[in-house]
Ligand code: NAD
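Below, in structure tokens: the form predicted on its own, a single chain.
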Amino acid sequence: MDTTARPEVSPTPRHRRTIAVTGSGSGIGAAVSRRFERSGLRVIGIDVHDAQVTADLSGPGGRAQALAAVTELSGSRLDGLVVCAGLGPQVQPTEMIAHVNYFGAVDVLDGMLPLLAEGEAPAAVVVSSNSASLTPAHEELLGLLLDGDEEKACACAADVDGATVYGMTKLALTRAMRRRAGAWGKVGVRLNAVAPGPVDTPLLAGGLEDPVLGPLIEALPVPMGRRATAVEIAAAIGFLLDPANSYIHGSVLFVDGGSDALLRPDSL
């Protein structure tokens, strides 16, 4: 019988899931961060202020800075990513909406895919908007966004009203998400989108204060008869990121109180 003493082996510590959240400083991003933190997950927040990673996603330098910081903080491994950072339609100059809402979002998505591919049951969610389906299409701007030509797209956006730019960035982001479903699925990373309607956040408050946009926002019919809270949108995002929902991929979840169904009842 071998009586040689063997060292005690400690059980492998359970992996603590790590989620990165852009736009974590306020609104939906802040609600998402609080939800995950209460659930015991580790959250790496990214924002221009009040975040673990301070970065401006309106330009390539800030996006690279965010990626480098998250890579270091996460140990090159993420289990989830939520892309919330965005600007409202009232923001001037309008090209900033395109820089942040579309190019900032897709650059973060693509840059963090290798980190997600190393994660456990990894998934990402982008925050779109029901304006993606309700805004009349501006084909030139939409095409430039999807072509990835940031300089030309933002030059075009400079001559377009904010509401249209906002809607096109959200439509382009939704299409970009769906176009990535094949490649992301092959590496085992789920990717989905939520499309909120009006949500009581600082972003919406800015739009309501605008003399042109405010009445348009107020006029949007909502069958539920009220605006959403950021907590409600965070719950939908939590649902899409939950490993239990492991076959939901490439989908858009409308969280708009029924507005899209009311205005487009026969569209899927």
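Note that residue numbering follows the sequence shown and begins at 1. Computed from a prediction, not measured in an experiment: that's the story for all the values here.
There is another form of the same protein, the form predicted in complex with the ligand; it is not shown, and what comes next is about it.
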Answer for Val127 alone: is it within 4.5 Å of the ligand in the predicted complex, judged on heavy atom distances? yes
Taking the ligand as it sits in the predicted complex, is Val82 in contact with it (heavy atom to heavy atom, 4.5 Å or less)? no
Within 4.5 Å, heavy atoms only: does Arg226 come near the ligand in the predicted complex? no
Could you tell me if Gly238 has a non-hydrogen atom within 4.5 Å of the ligand in the predicted complex? no
If you check in the predicted complex, do Pro122, Leu191 and Pro243 all have a non-hydrogen atom within 4.5 Å of the ligand? no
Within 4.5 Å of the ligand in the predicted complex, heavy atoms considered, which of Val43, Leu67, Leu204, Leu213? Leu204
What is the one choice in Leu113, Cys154, Leu171, Val100 with a heavy atom within 4.5 Å of the ligand in the predicted complex? Val100
Which of these stretches, 176-184, 67-75, 138-146, 194-202, has heavy atoms within 4.5 Å of the ligand in the predicted complex? 194-202
Counting only non-hydrogen atoms and a 4.5 Å cut-off, give the residues of 234-255 close to the ligand in the predicted complex. none
